[in-house]
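The chain below stands alone and is given as structure tokens, in the form predicted alone.
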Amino acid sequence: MNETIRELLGRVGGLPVPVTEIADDADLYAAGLSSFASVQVMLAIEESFDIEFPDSLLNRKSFASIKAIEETVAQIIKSREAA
């Protein structure tokens, strides 16, 4: 999952630094992720993982770091499987 998220960030995140240089817990907004780019990342993640972000998770915290994105995606997948 981490590798896929990194690939998507590199492709649509518009970050000024290579994704390979960003730690899993580094602040993506401090690294240059814009609000517009975070929406593009969200859409790419939804398509790649075949999920939909619920309104409750559409916030800056969910996309603050690669680790936060991973945890959010895992939470969505887990809640979908439990349903």
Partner chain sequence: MDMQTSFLDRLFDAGLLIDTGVDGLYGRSGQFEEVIAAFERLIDKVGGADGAEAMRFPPGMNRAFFEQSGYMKSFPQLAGTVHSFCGSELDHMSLLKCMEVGEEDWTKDQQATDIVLTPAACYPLYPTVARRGKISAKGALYDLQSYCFRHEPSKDPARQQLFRMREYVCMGTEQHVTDFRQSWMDRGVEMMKAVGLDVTIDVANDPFFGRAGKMMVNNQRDQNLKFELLIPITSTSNPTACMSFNYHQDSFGTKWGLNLEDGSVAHTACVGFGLERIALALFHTHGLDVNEWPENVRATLWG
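Quick caveat: nothing in here was measured; it's all calculated off a predicted structure. Positions refer to the first chain, counted from 1.
The same protein also has a form predicted together with its partner chain, omitted here; what follows describes it.
- [ ] Indicate whether the candidate residues L43, E46 and N59 are all in contact with its partner chain in the predicted bound form, with contact defined as any heavy atom within 4.5 Å.
- [x] Each of the three qualifies.
Task: E52 within 4.5 Å of its partner chain in the predicted bound form, heavy atoms - done: Although its partner chain is absent here, E52 would touch it in the predicted bound form, with heavy atoms inside 4.5 Å.
Open item on the list: Quick check on V39: any heavy atom within 4.5 Å of its partner chain in the predicted bound form?
Closed with: Answer yes; at least one heavy atom of V39 falls within 4.5 Å of its partner chain in the predicted bound form.
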